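Starting off, we have a lone chain in the form predicted alone, written out as structure tokens.
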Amino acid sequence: MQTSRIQVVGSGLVGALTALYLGKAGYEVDLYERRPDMRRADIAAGRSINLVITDRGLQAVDRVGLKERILDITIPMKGRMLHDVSGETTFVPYGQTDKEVINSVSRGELNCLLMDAVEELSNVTIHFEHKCQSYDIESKTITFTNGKTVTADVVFGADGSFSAVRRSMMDQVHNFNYSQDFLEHGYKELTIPATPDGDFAMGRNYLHIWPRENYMLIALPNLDGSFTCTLFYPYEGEESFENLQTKEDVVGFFERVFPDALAVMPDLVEDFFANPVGSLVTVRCNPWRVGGQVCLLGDASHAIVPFFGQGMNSGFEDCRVLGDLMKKHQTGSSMDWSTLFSEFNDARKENADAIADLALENFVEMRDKTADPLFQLKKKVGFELETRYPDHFIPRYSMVMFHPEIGYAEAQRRSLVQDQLLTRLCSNISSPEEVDWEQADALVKEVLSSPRAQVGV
């Protein structure tokens, strides 16, 4: 089918990158955004201020020539810095080399950079203050809340976890499967400012975590020397947001469980009561497409909780896979969108479900297990296994973060087997030096095949 203009709903991170892929492929694209232009208006950047971009996301932006520009606005983090109640810290590296880092980036700065890149293309137009109200499949018409309507042969819904395009599909597509699951925890964003002389109040190249079993505080560095902090805490119960109602409640809570964080948070009380409690939701749906007419991607089709740092990265990977499939199905000036969308749905759905599960599991790991000696031992033994058997063993975290050639579903499958192996090797020992490496060699050959041979989009 020959396509006229393509409509992309949502100019957030995934929507803007989708428009870039389409624009660079030669299509005329209209990109619709419900908010004013964030580069010129003082508005919030989105659900959270800070994100991490990892190798999967970097691979996707590299395809459109933006990797170096994006890395210039990031701060690399080489591991977790764990803070106990007394203020003592323990460093847990993400990988074994200096190249195995994740990168802290401002959501707002990244979104602005992507929109700047979009506007460098003469065949892509951004329409601000166009909030999608509905999409009619039969008439192929997008209706916006400002009264404007647009007829579109091909529509991409990249309008977030509460997508209007997806809601319209739910109303019009028979047997449309949808679920949303909220955690019993919410989150509140706080700040550790730069010191008076402009330095970082803590180590800059780490993801700082204060794990406290059922809840936690994290901090990611910003280019201006500050840290964006997020408190993940239950809504209700003895330890919960409902019991933090006064200045005394908040200060007393931080004095008791996060004393070293409190010491560098002069605006804690103001931030706490000024910022709302956000919700944490996992969205799953299927199908993501209707024929060759409309396709969902990013949070619109698979919103996840932020605990593996893969929400944006999985959405960017959607764009990379979309780009690969466009090259595959392009015939002259015609594109078989129906086949492309079907293959895209099949390729991404199982991986989206897998990273949703892994993100939920990583919440438990971050808040409950990171300070546990057995967990830290298994991490060290895992690194040693990776060194000795690089073609057979890659730690789960490394597969997700540093090996985009391994699909999320494959990483999930292999991590289950590998964790069983680590549990056996680490039983009744207290250091990697005590591992029975003859047993390890036999187990690796028995239960593990090469993860590098088991790749997926």
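Owing to the predicted nature of the structure, the values given are computational and were not obtained by experimental measurement. Sequential numbering from 1, following the sequence displayed.
Separately, the form predicted in complex with another copy of the chain exists; it is not shown, and the next lines address it.
Of the stretches 136-144, 93-101, 350-358, 173-181, only 173-181 has residues with a heavy atom within 4.5 Å of another copy of the chain in the predicted complex. Another copy of the chain in the predicted complex comes within 4.5 Å of no heavy atom belonging to Phe375. Contact annotation for Ser279: at least one heavy atom lies within 4.5 Å of another copy of the chain in the predicted complex. Put simply, Arg167 is close to another copy of the chain in the predicted complex: some heavy atom of it is within 4.5 Å.
Looking at Phe273, you'd find every heavy atom of it more than 4.5 angstroms from another copy of the chain in the predicted complex. Contacts with another copy of the chain in the predicted complex, taken as any heavy atom within 4.5 Å, map within 229-252 to Tyr235 alone.
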